[in-house]
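What follows is one chain in structure tokens, specifically the form predicted on its own.
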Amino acid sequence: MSTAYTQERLQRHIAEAAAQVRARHPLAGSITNAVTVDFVANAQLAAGGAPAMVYLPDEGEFLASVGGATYINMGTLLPIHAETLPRTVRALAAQHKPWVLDPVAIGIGALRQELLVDFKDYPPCVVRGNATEIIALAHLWQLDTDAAKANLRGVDAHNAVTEARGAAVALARHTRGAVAVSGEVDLVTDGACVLHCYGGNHFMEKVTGFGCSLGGVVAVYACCSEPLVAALAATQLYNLAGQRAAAVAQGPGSFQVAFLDAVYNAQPAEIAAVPFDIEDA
């Protein structure tokens, strides 16, 4: 499958998406886990979006109707989510609204598995996760992939990003959207092209919520751009901000503060200039 994108075209789209987010402050609602809700909301604000964090069924449906995109994170599920998430996802599908899925802790618990299986018929525009989560979701959805078996042990990644390439491409082709796999070198794909993204910092592994907040920022960009551009722009923003924050941080705590400042101060042209490679899937 040949890609219609070039590096220059994608860089132009990244800059345009970042500029639109800064100008429009789009509403990107989130149903996210209790551990990281504060970080997700603050990252969305710093990127230029307008966050709204909910967990009740009618609130999820309301956000689907008024928001530009919605972020759904599967961490720390409560019984109410058995109703909230299906109703929200169906409302998003009925209104053709984009949404971002983060399959945190896939493989843990019956409710999480049932919900994720159901989502296959109402696919997100972007799936964001670590390598293990992406591999596990592709297998759960029974997609045709030669990817390695997911090494499930809690919520951390126990597979390399390179192992998730086949799963990511298969997921992107099924959803007709994009997949972002976070790691030392990030991978973003729309099923036609595969992008390798560079930057970030090891402190991102020492603070809870960097992956979750990245998913929330992808949703902000999805309000103003197509799935691949949204996933890539958010990933590049995080790679840039991670490098800048590390230059002034003394440890994980100061890194998180400096990171939010760096997200806030990043200019569209700077985000677009962060290095990445592109190849056919």
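One-based numbering along the sequence shown. Here the structure is a predicted model, which means the values were calculated and not measured.
What comes next is about the form predicted together with another copy of the chain, which is not displayed.
Residues of just one listed stretch (186 to 194, 166 to 174, 133 to 141, 111 to 119) have heavy atoms within 4.5 Å of another copy of the chain in the predicted bound form: 111 to 119.
Judged against another copy of the chain in the predicted bound form with a 4.5 angstroms heavy atom cut-off, the residues Ala64, Ser225 and Ala272 are out of contact without exception. None of the heavy atoms of Gln236 is located within 4.5 Å of another copy of the chain in the predicted bound form. Residue contact with another copy of the chain in the predicted bound form: Leu240 places no heavy atom within 4.5 Å of it. Mapping the unseen interface onto this chain, Ala246 falls outside it, with no heavy atom inside 4.5 Å of another copy of the chain in the predicted bound form.
In the predicted bound form, Arg12 stays away from another copy of the chain, with no heavy atom inside 4.5 Å.
Contact residues in stretch 251 to 281 (any heavy atom within 4.5 Å of another copy of the chain, taken in the predicted bound form) are Gly251, Pro252, Gly253, Ser254, Gln256, Val257, Leu260, Asp261, Tyr264, Asn265.
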